[in-house]
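For reference, the chain that follows is the form predicted on its own, supplied as structure tokens.
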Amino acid sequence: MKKRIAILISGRGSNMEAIVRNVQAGMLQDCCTVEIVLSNKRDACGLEVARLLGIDTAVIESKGKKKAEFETEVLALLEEKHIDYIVLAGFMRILSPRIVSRYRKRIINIHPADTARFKGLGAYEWAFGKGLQSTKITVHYVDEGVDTGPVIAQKEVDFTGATTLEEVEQRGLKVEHEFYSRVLKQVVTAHNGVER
């Protein structure tokens, strides 16, 4: 049975788009369906991208709302959609233990660095500023911390010869877009026998 996923975004959603395309006509079409793309920001560019791809979207704004109230609304939507896995794709909110415990080992995130070396925002800026010749893209399960969950897989990105931050980001995103879908497939197929 195909796993039902929700993709959570806050911005442009380029990883979301790559995953949706892989669900519709790529490596994920036999194992997943994207039930909803959810944003905590009404003006997130990725919402229009998702709509154009024929995906249902929802906005639950976090700004000006108590975290508990926001998360109650998010959980209600996830349960209404019978979501098996939550995929974070540039979602700029830290999930509370309430959501993490409800979906333990069923929330995954991509981080553009080795989480043992750099956590939080600005990973490509960090790599560029340090003059790193490579970095590791990390896909991990989400726990109660920031980029502290168990690592599922990592893939190296070569920055040799990159002279601008934009070039570093482009090389990284190219890897992210293929790698995230590949790891998502690995996760959902490994758990295919597990009841929701």
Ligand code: GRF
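Each residue number is its position in the shown sequence, starting from 1. Small disclaimer: the values here were computed from a predicted structure and weren't measured.
From this point on, the text means the form predicted in complex with the ligand, which you will not see here.
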ask   = If you check in the predicted complex, is Leu95 within 4.5 Å of the ligand, heavy atoms only?
value = no
ask   = Quick one: is Val183 in contact with the ligand in the predicted complex, heavy atoms, 4.5 Å cut-off?
value = no
task = State yes or no: in the predicted complex, is some non-hydrogen atom of Val74 no more than 4.5 angstroms from a non-hydrogen atom of the ligand?
result = no
inquiry  = Considering non-hydrogen atoms and a 4.5 Å limit, does the ligand approach Leu78 in the predicted complex?
reply    = no
ask   = Does any residue in 66-98 get within 4.5 Å of the ligand in the predicted complex, counting heavy atoms only, and if so which ones?
value = Ala89, Gly90
